[in-house]
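Below you will find one chain, with nothing else, as structure tokens; this is the form predicted alone, and questions on how it binds or moves follow later.
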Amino acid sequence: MSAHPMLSPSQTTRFRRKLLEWFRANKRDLPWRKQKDWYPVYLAEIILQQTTVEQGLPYYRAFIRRFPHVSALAAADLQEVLKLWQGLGYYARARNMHKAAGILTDRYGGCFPQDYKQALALPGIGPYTAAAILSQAFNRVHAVVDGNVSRVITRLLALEDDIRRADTQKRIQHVAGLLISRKYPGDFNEAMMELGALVCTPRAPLCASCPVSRYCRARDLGKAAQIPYKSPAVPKRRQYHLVMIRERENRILLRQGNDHGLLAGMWGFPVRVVSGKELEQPGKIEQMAPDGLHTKKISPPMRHVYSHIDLKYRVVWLEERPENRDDDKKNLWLARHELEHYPIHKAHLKALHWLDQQMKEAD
């Protein structure tokens, strides 16, 4: 069966050859591509989930330096892993990566299972990541489908169905499985992703530079820029917070979040949930300060967008009297430089940077 409604089996073979030739001549010089071991590939694939190569590369380098093999990652304290991950977001990836490292060390002797179902059973490993690791590190024939590959295939087919639909993704996965090179599956998967990243880009695709443009139906129809079609995303849930930075005797209160949820294991400052209307009234915010605390300054509105939450917040800098003692086990009172040792999530890092600026201006 042909992988493409417009291609014969012999054309499909030529498509693979053209794409692989292009990839080997034009691929980016990425550090995990130079390794024979599975671990660098695994590390890169976890870090690059929902992250661009440019953003993820410094994190990859930091992790491979600090944890050069899976047993070192397994032996690390989770807080150290989260601290190194700080700023990358989607912190469940780091927690799952740490948990999986323990399983790989204890159950598989520091090796990655080459069975697809066993790979899928690891924390943080889905169909895409399992296929990517098994094909790149072990030359197993598993087709990878990410956003780049989906875009390449929908344009090859001139497929105008909604790319968010499960049946559309199922068709794309089926075509990817037919297209993949049986001899060089790892290189082929990387070539498809590289083509989407460098040439078959979301906007203004570089069709004139595409090594397989002659096989692209969307190009023939003049529709490459309009494909793929993606229906509007579900609007993110809005939240409004006051981030309370409490200062006492030149120390700042830091507390750890819950053991579950979006920011599990991360550190931050106490939060008060308010309405959007309340957030717009600094005078009212000042009246919300807990008893015994003096409001020194209130920040302008800030914003941080998570995967499903649109957060708008202000920072409230509070001064606490030394005799005011309401400590509990969740609270740490730390000097400013000591905060650098704790993994603080990005929205609260922005709050801390605002505080640094206020302190600098006050000196």
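In this text the structure is predicted, and so the values were computed from the model without any measurement. Numbering starts at 1 and follows the sequence shown.
Omitted here: the form predicted together with adenine. The next part is about that form.
| field | Interface segment, criterion being heavy atoms within 4.5 Å of adenine in the model of the complex, picked from 27 to 35, 291 to 299, 56 to 64, 313 to 321 | value | Flagged stretch: 27 to 35.
| Candidate from Tyr128, Tyr184, Phe138, Tyr240 lying within 4.5 Å of adenine in the model of the complex - any heavy atom | Going through each option in turn, the one that passes is Tyr128.
| Of Leu159, Met193, Met97, Leu254, which one comes within 4.5 Å of adenine in the model of the complex, counting heavy atoms only? | Of Leu159, Met193, Met97, Leu254, the residue with a heavy atom within 4.5 Å of adenine in the model of the complex is Met193.
| message | Just checking whether Leu48 would be counted as a contact of adenine in the model of the complex - the rule being heavy atoms within 4.5 angstroms. | response | Residue-level check for Leu48: yes, a contact with adenine.
| task | Go through 208 to 222 residue by residue and record those having a heavy atom within 4.5 Å of adenine in the model of the complex; state none if no residue qualifies. | result | Counting only heavy atoms within 4.5 Å of adenine in the model of the complex, no residue of 208 to 222 makes contact.
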